[in-house]
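Starting off, we have a lone chain in the form predicted alone, written out as structure tokens.
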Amino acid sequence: MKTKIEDITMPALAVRGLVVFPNVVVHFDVAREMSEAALRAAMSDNKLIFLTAQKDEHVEDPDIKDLYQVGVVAEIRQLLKGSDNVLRVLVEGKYRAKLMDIYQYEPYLIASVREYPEIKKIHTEEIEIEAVMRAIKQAFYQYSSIVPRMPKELVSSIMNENDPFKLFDTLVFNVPLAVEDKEMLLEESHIISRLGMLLAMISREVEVLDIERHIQERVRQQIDNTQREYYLRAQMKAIANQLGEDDDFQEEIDEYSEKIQALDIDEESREKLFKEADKLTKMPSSSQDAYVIRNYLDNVLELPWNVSTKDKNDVEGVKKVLDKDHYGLDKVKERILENIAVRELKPDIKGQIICLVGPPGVGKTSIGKSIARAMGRKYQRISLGGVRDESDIRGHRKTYVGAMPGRIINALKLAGSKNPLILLDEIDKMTHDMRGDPSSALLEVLDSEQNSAFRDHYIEIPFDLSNVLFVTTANTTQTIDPPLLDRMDIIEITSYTREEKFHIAKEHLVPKQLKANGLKASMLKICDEALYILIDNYTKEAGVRTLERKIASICRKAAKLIVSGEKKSVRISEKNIEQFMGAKKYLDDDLAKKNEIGVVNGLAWTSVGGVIMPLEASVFDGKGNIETTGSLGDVMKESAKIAVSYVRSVADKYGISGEFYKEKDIHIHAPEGATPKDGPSAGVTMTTALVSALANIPVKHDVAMTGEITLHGKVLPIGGLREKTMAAYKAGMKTVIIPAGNKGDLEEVDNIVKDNVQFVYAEKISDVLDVALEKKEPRYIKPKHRDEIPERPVVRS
């Protein structure tokens, strides 16, 4: 009949970094007050205490979950207070016990434990226990041959031990194992399993020690090789001292050699740098040549040969950063996200160089900085505007006075990383003279097949630029050399529309300027209508720089009112904006409010966005002369001639005299004569104006149009549809006629425009005229005789 094992209550001690086994005497130091109190409480009773290891050594006040469940009931042999006020204790493990519960935490732990007996019967497994003992003795012998200063008496006693329990106790006490491993051994009850676990641990320790020994041998061999060099250098140093040379100079040379050895470069480049460092040993430290070499080595060693940052290839995370920094620019963001997605699938991809092309102020430069922040890369900007010397890119030869590395190498040094994002700003503004062509030097920089070994004239050794992400900006591609343009992926950034400017101002510029001028959101409120007025009547630009300056001006004026005590808060609305900004600078277009003859609303694209371009046509008796005014360019003048020829071909259809080109003088005028105008997209506008003037048919005032016309009346597609349609919406046009070939471009048109404007797709000029011209009811002409009644009514204009 089995005896029931009862729980025992006794003081408990949480031990850090130590596991105590039965039949083993150990000593350790105690520093915590609760541990010291537990020991003294046990000494005053029966000297028995429960010892269990902590799972985490750094926990100061352990809970039951912080302790291992199996420990040892130990007898305290000795307590001794040291001179350093630390209590030293000597204990002997008695038997294993399992932690059932903790009844008290203060002032010391009192635990309920239950004896955790071992399995003693092993006679049925004598062969297996003998095999395990032989294997573990062999493993320990290998271990003792590697570990230095292992006592021979200990090795002999273990090799001659035949009792498995005593063998285990001796080994576990003398072989250093991790706390987790010792706890596993303590928790195992069967001696065979316990010895098997110990065998695996010792074998693993033997492998680790063997690897350490091989590493130490290699290190020792390297040390032997360097000893000779060290000895020779020490002799050189002694000679230098005898000659009165500076000790610091030799130390400086040694430091250069150490840094060169640590660089991650090819052996040819390392050998060149060593030769440069050796030259210093052969010249006086204060000489000009020594200064040149020191300056060269300093520049080379400051480059990030071994330093790189880890890319953030989280597409959603990058999208959030780009959306936060910039409103709109969907094409640019999509291209960047595609780039990042490809890098996620193929991290070693090279040669993706983006060129952002667009008018000033649309965010080309700032989006480069956002890309770097989103990808977690270092950022450096190089302004290329006005650069005309090739050495600005490639650097000067180090033998020249005042020589320095080129801008690319300098940007890498400032970035401190070999894979930064470098923004080459205003690449279209580079020029060239007799000192070289910098755009030709950039051909190697921006070519993924060549820039892996870019050689700066100053550095002279190759530097790998293939990990650098280059982003370039330009206002136009017309002035960029074709070979350089061919190396870049062009992304067009068009001018901002009215709605985009409004959202940028409301979501970015206003909060930015409020913070910059020390204002809180409660102090200044700019209404939406006021922002629209700022955009329409106080700025005329492709980007938002002037708009930001206007907002900053409002903030300053509001700050003055608040600080002077005149107002506690300021609200800018359409009623009081002129008080802050003065009279409106740009007035709305003076468009016709009713249907008129010969007046047509055309749509034009400018560098600052789309505009309504009214065209007027008048017809007079004359000799067939065509007069064009309003600073029209050659292309528009040719469109006028095409329009006249087409009207001659359809004169009968609209009741126009077939001889009008001989009997009538035609005058075509575009208002705002001081502004030059050109382009083919006014063809349909001119034709409509001519038909209206010659046929005396009014044109609808709420219709705008754009499109190029051929001699046979076919309407051809045009560009700038997004900006032109925004101008039509702003002007209150109800219908916009566009070429049928531009139907696919409507995806880029703002939703607010598509919701408020009806689009008509024209394939021929007749489709335009059917929509734009006012329809008149035909009237009957009274006949003189009954038989003169026509079969159908005659239309008169």
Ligand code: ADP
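We number the residues from 1 along the sequence you see. All values derive from a computational prediction rather than experimental measurement.
Keep in mind the form predicted in complex with the named molecule is missing from the figure; the text below concerns it.
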task: Could you confirm whether residue 359 comes within 4.5 Å of the named molecule in the predicted bound form, counting heavy atoms only?
output: yes
query: Counting only non-hydrogen atoms and a 4.5 angstroms cut-off, does residue 509 reach the named molecule in the predicted bound form?
result: yes
task: Considering only heavy atoms, tell me if residue 140 and the named molecule come within 4.5 Å of each other in the predicted bound form.
output: no
query: Should residue 701 be counted as a contact of the named molecule in the predicted bound form, where contact means heavy atoms within 4.5 Å?
result: no
- request: Only one of 550, 364, 722, 377 comes within 4.5 Å of the named molecule in the predicted bound form by heavy atoms, so just point that one out.
  value: 364
task: Could you spot which one of 161, 481, 252, 325 gets a heavy atom to within 4.5 Å of the named molecule in the predicted bound form?
output: 325
message: Please pick out the stretch from 711 to 719, 501 to 509, 553 to 561, 168 to 176 that is in contact with the named molecule in the predicted bound form, where contact means heavy atoms within 4.5 Å.
response: 501 to 509
